[in-house]
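In the block that follows, a single chain appears as structure tokens, in the form predicted on its own.
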């Protein structure tokens, strides 16, 4: 493989004088399943090979992808990428430059107890079917169940003309289950995700029975929940919701490509944007976490990146191009979904740092507010406005948890909300997920419980 990639990289330099050239190749085993109410609606399993070829010619990017690892095809398509770059360069006002990095040669191996590529598709269907049966069998008021399953296992190869060559084994196992319940005209929704970079053994811990009961129980309990009392209230936010807030409402703003596109953080480096108990990280080094890896898709070593320290913006997430523009170091955040896509800046494991409060201390001074335990979905805009839907919430009345609340959402301005964080808990959880930004990336987000003295609470999501 090394010789094949080297030939393509060399051709780009010889034929077009490319100042930079890289090839990302993959050999992956992939399974995808979808079950709806016990019926297998989609099942796909097989080997997926391909390569991405990216070049910098006269300061402009050129990119091509091909679904083969044939040496002749790689050489042909990298020349196509060079032609694209050359054509684009004539209309480029400012040539693209990349920050210098250390070229690495390395091989990264994984040792799962249960390699998903060695598990039969029949066993995978049995696992997801058991999950479905647990959900639908929990209570007659549970009306539907949809399960999505995905696994990837194999090797990614990376080479550039600077001397880097990396072979990196990849392994992801992911599943999402959604359920609905109905009673007396009231509909509720519940979702759970399971994700691991360790192996198929994740289902020995997060068994179909455990995950299925957790999902169904939430849907049923929300049937008796009170409608939300809209308004501005203090809230205590659980790690699951803290994570999606950090990811959606802040994290995307701190991806340097979006910062350059005009996010609200564009002029905030070195400035206070949150209370002094708020610290955020994006970390690709957490062992076993769903957003962890050794090297990103530009061959840069991953790291723990501090974004906010004691309320002050101190860093952004970079690839080599944005690092050059900000006179910063690359952070190892360049990621591509697969060989069909160019790498762009993506989050890894993004979270708030825990402090020293117990859950009881966060709740005890709230006369009336809400405890937001689990999120349903979220979105944010470059101007800093956000909305996060909550699938599991409870009233807080006189310092005690009260009745469950239904169809809760919170919205507002990210920077204004961060300034209102009053207390941060000492617990910590990370939750797996998938993030869309034109392409999908596996991520984790989370943190401790926190207390926000006021936020706009409304119904729906």
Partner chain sequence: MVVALKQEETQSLAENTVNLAMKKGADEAEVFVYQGITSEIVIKRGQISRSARIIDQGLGIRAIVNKAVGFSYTNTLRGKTAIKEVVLKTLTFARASKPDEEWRDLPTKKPFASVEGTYDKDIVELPSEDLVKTASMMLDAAEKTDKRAFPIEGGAGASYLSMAIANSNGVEGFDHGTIVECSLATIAREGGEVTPVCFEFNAERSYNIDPEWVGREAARLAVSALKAKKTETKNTSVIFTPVALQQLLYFTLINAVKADHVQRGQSAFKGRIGEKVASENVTICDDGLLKGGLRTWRFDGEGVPQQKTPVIERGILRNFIYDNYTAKREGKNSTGNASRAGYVSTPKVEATNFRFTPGRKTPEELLGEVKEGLLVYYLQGAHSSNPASGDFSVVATPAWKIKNGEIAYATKGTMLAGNVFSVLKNVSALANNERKIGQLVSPWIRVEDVKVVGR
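Residue numbers count along the first chain shown, from 1. Values in this document were obtained by computation on a predicted structure and should not be read as measured data. We call the rigid core whatever largest set of C-alpha positions still superposes within 1.5 Å between the two forms.
Beyond the structure shown, there is the form predicted in complex with its partner chain, which is absent from this document and is the topic of what follows.
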Between its partner chain and 32, 145 and 382, in the model of the complex, does every residue show a non-hydrogen atom at 4.5 Å or closer? yes
Would residue 67 sit within 4.5 Å of its partner chain in the model of the complex, counting heavy atoms only? yes
Examine residue 197 and determine whether its closest non-hydrogen atom to its partner chain in the model of the complex is within 4.5 angstroms. no
Taking its partner chain as it sits in the model of the complex, is residue 407 in contact with it (heavy atom to heavy atom, 4.5 Å or less)? yes
Contact of residue 262 with its partner chain in the model of the complex (heavy atom, 4.5 Å): yes
Choose one stretch from 365-373, 157-165, 277-285, 187-195: the one whose residues place a heavy atom within 4.5 angstroms of its partner chain in the model of the complex. 187-195
Between 269, 210, 225, 125, only one gets a heavy atom within 4.5 angstroms of its partner chain in the model of the complex; which residue is that? 125
Which of these residues, 99, 110, 314, 84, gets a heavy atom within 4.5 Å of its partner chain in the model of the complex? 84
In the model of the complex, residues of 333-348 near its partner chain [heavy atom within 4.5 Å]: 339, 340, 342
Would you say residue 41 moves its Cα by 2 Å or more between this form and the one not shown, aligning on the core? yes
